[in-house]
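Below you'll find only one chain, the form predicted on its own, shown as structure tokens.
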Amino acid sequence: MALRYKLRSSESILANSVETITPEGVSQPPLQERGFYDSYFTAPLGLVLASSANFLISWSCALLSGSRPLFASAVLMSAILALRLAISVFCAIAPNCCSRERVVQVMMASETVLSANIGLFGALSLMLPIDGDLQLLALVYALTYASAMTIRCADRPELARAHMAIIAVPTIMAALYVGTPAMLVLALVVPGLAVTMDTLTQSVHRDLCNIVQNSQERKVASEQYEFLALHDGLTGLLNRDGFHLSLEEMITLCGPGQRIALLWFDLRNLREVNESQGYTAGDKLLCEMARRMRACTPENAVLARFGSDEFLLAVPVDSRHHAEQLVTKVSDHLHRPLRLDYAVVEAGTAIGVAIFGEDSATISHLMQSANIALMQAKVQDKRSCFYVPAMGEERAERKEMERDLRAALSREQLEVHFQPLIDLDSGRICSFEALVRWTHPQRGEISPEVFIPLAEETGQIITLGNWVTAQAAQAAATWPEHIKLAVNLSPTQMRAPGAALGILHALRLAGLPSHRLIIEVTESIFLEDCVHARHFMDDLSRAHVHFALDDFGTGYSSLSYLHRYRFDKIKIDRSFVCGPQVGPHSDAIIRAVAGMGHKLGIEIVAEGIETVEQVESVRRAGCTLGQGFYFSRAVTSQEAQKLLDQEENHLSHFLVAQ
């Protein structure tokens, strides 16, 4: 399938451009064929008028003079004119039935014979004893025809000179032969006329060359602008506009029964390459991925770079199974490691797939379906995902919840709750962890496990996190001095410009000393953005803010974090404290972590405590602090204050048997 906007390079545009014509290189086909010989394939009105004049003058001289040589010349001239006129009429009536090259050759030969005959006709009229008026008519006719041919053949100066010579030389020789003073003057004047007409021909030729060359340059520039408007400058692939045009054309050419698979690629590690190796390496990665996509896709496919790290591929398929095979082939090809300069990069993509004719009936819906499938593949951490209608419903519901969350943030409809952390030896409250809660007007209470990831994906986590920190700091400022506040921070918040300054500003506004704040982070922060994490923690550590490592034991736990960063607390994940997996192995792990924490001077927090037996177990294992429903659920700021008041007035009811 030949698509109008298939990938092509700017070099091919220049290579296919029309040949430039210069005055020095006059034998150029574009100017010859289109400029000079097009008259043979159009209405022959001009040729009819010129032929009528030739016929009238030649026969007038022949009949009035009674000269046999002139009569023979007139007969030959009439035959040539009739042939030319017949060919021109035929080409005008049936232009597709005649060979252009053959017509050009015949017409050029007939014009040469006609010019020679006219030159001979003029020379004979001077040498033969005929009436002076007839001599003058024949002479003027010959020289006028010679002058006209120099202009007509301006695209080929050598041809114009030939016509002038064929006519002028016999005239000059005849004038010299007669030898009268008037004829000798004529013999001197005709060469001057020939030189003058040749100069004029050269001038017209240069003007024609400039016109054609300017036209060609404009055409090349127009093609280059069209190429740049429809293609990506880095990879040479189609851009968004070019892709839409090509996809529309593909759908038109495929017909109603043809399925078209749309693959939406998202390059997973472009940002990491840009940050670790520089944008030059990132550009190389993009170009290499584009090259791989071109290499493993069919010739009739349409491939485009849709965004900074996104690509689109549309290709006709026979069935969904055919599309699955294609996706597997492309995915395997793209996931092969590649070397960028001196580093090996795992080149991976997430792919969302939708099929035109099955999932969608319009281009806009096809694009939307493929994008939804891509989002699903990224959420599920899969290489590829095919669109199913249920995804659209989930996406619509997710979009609605996203709008509701944004509205809840702007109207401050969220609420900060606080869950206490208990000293396992004294049973007293030592700090509160701030946890955000959302009660939707129609949906009711929505779990943080639902709306926190949504806020992360949509970028609202920065606004949400700043709001939680500010609200929690205001509440904590009213607590006793020894009670600390713990807030969770996401990687997105840490990467935000001025994140550390924003937290310190919130503490100053609330009047909460910075040493009473504990920021809880997870290990994913160091995996995603180690440089920003170090700068962020260094800035806040200098202000005496404390840090806790949350959910320790899950994900990619590494002791190197404890060596490189200063943590005051390690929170052991609840999966080691409660649940079906709890047993001797989990107890041994807790003991090992607690022993390490004791050696390093780090407090160990056991999360998810629900029973008194679990309290005793983690305390014997060496944990110093506990958190969970056994002590208290997350409560409002007013209820947190009541817990503190009760503890102040009475012995802590959190105290357990020794």
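Sequential numbering from 1, following the sequence displayed. For clarity, every value in this text was computed on a predicted model and none was experimentally measured.
Omitted from view is the form predicted together with a small molecule, to which the following refers.
- Looking at Q581, you'd find every heavy atom of it more than 4.5 angstroms from the small molecule in the predicted complex.
- Of the heavy atoms in N239, none are within 4.5 Å of the small molecule in the predicted complex.
- The closest heavy atom approach of E346 to the small molecule in the predicted complex falls outside 4.5 Å.
- At a distance threshold of 4.5 angstroms between non-hydrogen atoms, V190 is out of contact with the small molecule in the predicted complex.
- In terms of contact with the small molecule in the predicted complex, the residue from S490, Q135, Q277, S246 that brings a heavy atom within 4.5 Å is S490.
- Just one of L340, M250, A162, V468 comes within 4.5 Å of the small molecule in the predicted complex, counting any heavy atom, and that one is V468.
- Heavy atoms within 4.5 Å of the small molecule in the predicted complex are found in exactly one of 211 to 219, 434 to 442, 174 to 182, 118 to 126, that being 434 to 442.
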